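Let's start with one chain on its own, the form predicted alone, as structure tokens.
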């Protein structure tokens, strides 16, 4: 009898233990599933009131929505956190700190101003959270990473840096300004900013090689409002082309160029000029201006570019600025890195980003390694990652270079002189 009671007690205890173990396993499985389904917080930063800042936010939003609609990253949705730096480096640094420490973002993307990117860069190492810059161009960002890899290895650059921007401009100048139009002289026309110094230095070297004698070098502050004295000086030196490196003051400079009927063609890097909002911002004064940018007018930079261009226009009612292409690619690059790393840990993401190879809407995406001078900058390939040069013609962007993407020829504004 006593033995039977012991057996019943043992069986009851065994049953309770089994139930408890089953419950624990079920709870653990549920917890793991819940964790796996948790969204992945990703940050994006820029000046929201600016054409190029708005483009960064819109492109990030579009990429995130596409990825989430397709099932997310390993079954997890992306949760996008937006931060407005208002052109202030201090605002950007505080936002980066808050993003990591409070919002727990796994990476910060965006950044329009090079000065802002350079201020944020040291914090990428301190916060051990990737900073993937899609809008700023300064070569100093990549050079810092190369010189102090252990400190700055968390910084990556998906937009072609200033030196390569100038090289592409000179290739265009050789083929179109010299080869097609027969021009022989140019003045460098650039705002004083961190990103333009390397552009100016490269212009001085490569424009003469392209066939354009540099007759003047004009620098001005980004807050310049009156360009009349500058354009008066331009007319004294009589360049046939103004080779630009502008982003902050694009609208004001071009409106006054048009008003003063400056007889020199304006062409080159123009950060704001790629968006259709720029036509409205200048009230059409940008007609005839030639802009080097990441993509334009649906030109098939890659097989993915035309769809992105049309989807962006349909969704936001305007053509994408240069950094819309690169920010869109940045979100997909981060997705590829998370999938490769099977983790959102910062150090593991760095390792994965260094191995990423994909084709984006702006071209092929891979990064220079620690031994390269431009460490973690997107790899530049002459003839491949050249972007597009287009001209504003009657409110439309007409791609004119490279030849494989050209949709038309250059049309000189009525006040711009043809080559003699």
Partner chain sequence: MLHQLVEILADGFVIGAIFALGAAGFTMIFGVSGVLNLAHGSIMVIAALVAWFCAEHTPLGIYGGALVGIAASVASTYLLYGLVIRPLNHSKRIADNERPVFVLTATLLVAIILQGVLDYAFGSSPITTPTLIDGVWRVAGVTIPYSQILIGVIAWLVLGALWYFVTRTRPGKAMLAASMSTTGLALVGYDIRKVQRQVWGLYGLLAGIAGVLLASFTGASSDIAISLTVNAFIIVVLGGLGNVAGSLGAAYIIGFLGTLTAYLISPAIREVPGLLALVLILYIRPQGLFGRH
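Treat the numbers as computed from the prediction; the structure is a model and nothing was measured. Numbering follows the first chain given and starts at 1.
Form predicted in complex with its partner chain: not shown, discussed below.
- Segments offered: 229-237, 178-186, 163-171, 340-348. Contacting its partner chain in the predicted complex at heavy atom distances within 4.5 Å is 229-237.
- Of the heavy atoms in residue 201, none are within 4.5 Å of its partner chain in the predicted complex.
- In the predicted complex, at least one heavy atom of residue 51 sits within 4.5 Å of a heavy atom of its partner chain.
- Its partner chain is not drawn, but in the predicted complex it has a heavy atom within 4.5 Å of residue 280.
- Looking at residue 265, you'd find every heavy atom of it more than 4.5 angstroms from its partner chain in the predicted complex.
- Here is the short version: of 74, 221, 303, 310, the single residue with a heavy atom within 4.5 Å of its partner chain in the predicted complex is 221.
- Just one of 81, 252, 146, 205 comes within 4.5 Å of its partner chain in the predicted complex, counting any heavy atom, and that one is 252.
- Contacts between 257-285 and its partner chain, taken as any heavy atom within 4.5 Å in the predicted complex, involve 258, 259, 260, 261, 272, 280, 281, 282, 283.
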